[in-house]
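In the form predicted alone, a lone chain appears below as structure tokens.
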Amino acid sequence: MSQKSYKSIWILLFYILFYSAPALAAERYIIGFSQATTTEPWRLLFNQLTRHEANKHENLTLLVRNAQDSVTKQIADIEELISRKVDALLVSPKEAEGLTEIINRASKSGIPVFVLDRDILNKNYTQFIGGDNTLIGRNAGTFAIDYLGGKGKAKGVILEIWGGQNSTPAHDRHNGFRDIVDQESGISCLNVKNDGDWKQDKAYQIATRAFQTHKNIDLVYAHNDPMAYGAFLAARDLGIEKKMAFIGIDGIPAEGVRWVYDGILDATFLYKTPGGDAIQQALRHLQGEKINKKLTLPTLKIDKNNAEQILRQHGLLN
């Protein structure tokens, strides 16, 4: 074999080794995901889209834990993921106060922590990813005012059904809504202490009691779509559903958007699930890229004007 042939072979080997080296050296990652619960449709979609994004990355293993609506179990789940020395940790807390300490402990152990949907009591984590719940509440308040007569003219009685009162989204959705509707002297909000805990059946019970006690409710504002639907069912069972409007939050196409299209809800507001974004952000961070402390996800008002279009986009209408 000639000297020129040998040189060509060495050049070929160099290029093969040089360009295949990054693939051979691709680092594998294990990401833990602590989910608060899977009893709500929004949470099921959250998990589905998180796994969908994780499956796109061959060098990633995702460990999912379900806290089953228990702060105690979620703490234990996170402790287990810390002990496994995961490369990054995604946490959607059941509540702020109960999960703050264990999330701080994970961060102090050197694990990048991504807090999703519900915030904790401090910012000792790598990144928060979620919607702007105060803005969503304000948007719901604006819709309520428009429905009840318009700015400066609105009149009516509103029943608000809370999500989990120990969670930050519920407080933000309440505060944002009241920032707007409290400006209208003709609107009154029932001072009914309730915690629907994001559940349809609990909202049904809360609404039934409220409807039986207060005969003049004009609008129900629930902190998510299942609770708004539960309130609608309660009103329907009492034969008064046509006397009031129902507003929810989440905007899942097969659920909230469908209920708007069917005339059950008057409006819902998109609360995008953060799991897919969390996988992307965690990988960027692990690969040395700079990421922001907070990633705010977009929202959208969904009413009779765009519900059909959204359903068609998702293949849910022929």
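Start at 1 with the first residue shown and count on from there. Predicted model, so just to flag it, every value in this text is computed and none were measured.
Below, we refer to the form predicted in complex with ligand FRU, which is not included among the displayed structures.
Note on the partner interface in the predicted complex: the residue among G196, G230, P169, G130 having a heavy atom within 4.5 angstroms of ligand FRU is P169. Residues of just one listed stretch (259-267, 48-56, 282-290, 32-40) have heavy atoms within 4.5 Å of ligand FRU in the predicted complex: 32-40. At least one heavy atom of D117 is located within 4.5 Å of ligand FRU in the predicted complex. Scanning 269-283 for heavy atoms within 4.5 Å of ligand FRU in the predicted complex gives just one residue, Y271.
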